[in-house]
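What follows is one chain in structure tokens, specifically the form predicted on its own.
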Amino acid sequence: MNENVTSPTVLKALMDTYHVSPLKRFGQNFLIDGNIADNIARSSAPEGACVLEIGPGMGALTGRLLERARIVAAYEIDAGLSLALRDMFKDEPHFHLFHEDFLKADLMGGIGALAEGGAVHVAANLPYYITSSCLMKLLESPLHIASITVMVQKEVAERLCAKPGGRDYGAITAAVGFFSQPKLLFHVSAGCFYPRPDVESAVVQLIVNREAGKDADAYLRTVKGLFAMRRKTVKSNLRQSFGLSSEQAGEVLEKACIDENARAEMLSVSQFEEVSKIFKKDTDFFSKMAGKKDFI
């Protein structure tokens, strides 16, 4: 594909050709800054990598990824964009398109089969409303994911990279920090997109720790429970979320060397881990914490 899809003029012409337009329900805002697209491609895709792209849109990042990667597997939910992408990249043998909802996709049967057990690097421009779900699906996946480089809303990026004790530190911070080392790479202004969004964006990279997944369920349930009522102390949340008595909650926190008057946003990943290890010895606690792990 030779078209410069980061040019607003070219982008609009292509959209007219393929009869597509940005859909609000999918949070679609197309990147129209070539320098930003170049930076994301360089950051996310080592030479010869196998890359998973979520929401390729009109292919602004896709083309640049193909210049570096041996495989680009793109997941696109929009039917019109999928048809356009198939046509635009029909001469690219290393491009594989999956027209489906990424959150419902069988990753092992898709990108997993293409990667053949090798490392996968993720690149995406994620809408706010699915950021948490996409990240947790990736981090909990059995795929060999080495890195995740995503463009997200600026406030979400700050939350992902926050430190304990800060106002931005929350359950998603603790969850992502368990699986990976997050780093904010650079900010992206609203003017870099068409249509122009109401918010600023930022690119974050997560370097994934594959060993973390072994105790993930206990850890994530602990995080969800301790953040259940953000303004309450961890002791109160232990009682409310896990049905512990005041004495039992105090014993758990004493074993974990955590002040019972602390709030969840003050705890580090290692402190959440300590509590989860204590709980893991008694699975009855976790039966009270069934349900989705929604962190944002």
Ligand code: SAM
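For clarity, every value in this text was computed on a predicted model and none was experimentally measured. Numbering starts at 1 and runs along the sequence shown.
The same protein also exists as the form predicted in complex with ligand SAM; that form is not shown, yet it is the one meant from here on.
Judged against ligand SAM in the predicted bound form with a 4.5 angstroms heavy atom cut-off, the residues 31, 77 and 129 are in contact without exception. Contact with ligand SAM, judged by heavy atoms within 4.5 Å in the predicted bound form, is confined among 43-51, 56-64, 255-263, 232-240 to 56-64.
The shortest heavy atom separation between residue 27 and ligand SAM in the predicted bound form is within 4.5 Å. Using a 4.5 angstroms threshold between heavy atoms, residue 102 counts as touching ligand SAM in the predicted bound form.
Residue contact with ligand SAM in the predicted bound form: residue 204 places no heavy atom within 4.5 Å of it. With a 4.5 Å cutoff on heavy atoms, residue 81 counts as touching ligand SAM in the predicted bound form.
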